[in-house]
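Heads up, the chain below is alone and in the form predicted on its own; it's given as structure tokens.
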């Protein structure tokens, strides 16, 4: 039986002609990945940086085809959404190429032999090395940036690991086209066969996580599916790292001063943030704390939501879950409906929904992530009501605070509490639109993620590396970056940070 795909804008399902990956095919793919890993260990960082740039060029060359396929499978707008996302995928690859050339990500350290306060000490040289083949699970809501051509793939390759991707069932054709573009570019660059692989089907995905040749797993998706994959890893003879981005409510707080100064701008920004891409973003603010006196701000958000047209959701499962969660928030959470959502005349679509509740009544039942264009307004009379309510909210990827300069001192205790529960604090902005950069951190405490690492930005490479120390090793057996006269990367030598020498 072949895999199907559905255009959410029309609801029409069609056959892709793609067969689910068999057990034998999976074994061939992971064996090829293991062979490629052995080969990759013989290539330089400069070669690997060139590969990443070639992959970025390969995506750009097929931009029109890739965007058109993704639009038909996701209903996301071609411009700016999908074109911007493809640009982001290419940019990620090029940014990681720069990081690979710079070399600081290796965390190279040299401690020469000598006397120490505890007596004579041996020579220790340490740096990070790649793990092995990495399984990458594509996300439904980012057909490029968090899927086959996404950040997990880019960071795993940058670290020196082959990648076997699992195509997402919401966009199998996009997954295949992205894979073909990357594979063609890799072959043209001269990369070893098996450096990239792709599997289809739920059973193949489970078998991929269980495969003993897989050394790590990158996953972006639901908490329930993440738990299933974690359970599979726990049954392996040799468990491996699992890096999951799983669930996030992303609370947003607006102070009285911010309302007085810029209520209209906040209404515009908050509406755009919770409805962008039909609210199907992991950083969407799902719970907003507003002063009860901010009636003009509430009215403005309600008016914008009530006037909005239905947008396509990615699949029927998301549509059904959106309705079910909204129903639970009304029935069990005690929220009131301010804007009722409605479906469009065709396809898998939904318009925005807005609920309201007293901040003092926020419970765990209210703090449930709804994937889609839904916002819960928690109205407070006193800012002291915010902290107890936030205690009911699961830890998130982000938290956002809008306030005026003379209010920050009073908000300091609340900000300290927020810092302990999220991976990124946003001030007078919005959490959607995650910048890809050296300083970015896209992660958070459980259940936002299950690790301390980031899945966006240069530090995402760290997930797919492990430290190795060489003690009193012959110089000829050391990696090039740890040899005495090598100066091409930053290193810490006898406790002192030394910078790279240009031209090395």
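Remember, it's a predicted structure, so these values are computed and weren't measured experimentally. Residue numbers count along the first chain shown, from 1.
What follows is about the form predicted in complex with a further copy of the same chain, which we do not show.
**Student:** Any chance all of 88, 227 and 236 sit within 4.5 Å of a further copy of the same chain in the predicted complex, going by non-hydrogen atoms?
**Tutor:** Checking in the predicted complex: 88, 227 and 236 are all within 4.5 Å of a further copy of the same chain.
**Student:** Just give me the single entry in 328, 317, 342, 112 that has a non-hydrogen atom within 4.5 angstroms of a further copy of the same chain in the predicted complex.
**Tutor:** Only one option qualifies, and that one is 112.
**Student:** Which of 241, 201, 276, 160 has a heavy atom within 4.5 Å of a further copy of the same chain in the predicted complex?
**Tutor:** The residue from 241, 201, 276, 160 that makes the contact is 241.
**Student:** Looking at the partner-bound form in the predicted complex, is residue 415 within 4.5 Å of a further copy of the same chain by any heavy atom?
**Tutor:** Yes.
**Student:** Closest heavy atom of residue 121 to a further copy of the same chain in the predicted complex, within 4.5 Å or not?
**Tutor:** Close contact exists here: in the predicted complex, residue 121 approaches a further copy of the same chain to within 4.5 Å, heavy atoms only.
**Student:** May I ask you to check whether residue 465 falls inside a 4.5 Å heavy atom distance of a further copy of the same chain in the predicted complex?
**Tutor:** Because a heavy atom of residue 465 falls inside 4.5 Å of a further copy of the same chain in the predicted complex, the answer is yes.
**Student:** Indicate whether residue 423 is a 4.5 Å heavy atom neighbour of a further copy of the same chain in the predicted complex.
**Tutor:** Close contact exists here: in the predicted complex, residue 423 approaches a further copy of the same chain to within 4.5 Å, heavy atoms only.
**Student:** Could you tell me which of 444-452, 51-59, 26-34, 66-74 sits within 4.5 Å of a further copy of the same chain in the predicted complex, going by non-hydrogen atoms?
**Tutor:** Answer to the contact question: 444-452.
**Student:** Going through 314-330 from first to last, which residues have a non-hydrogen atom within 4.5 Å of a further copy of the same chain in the predicted complex?
**Tutor:** Residues within 4.5 Å: none.
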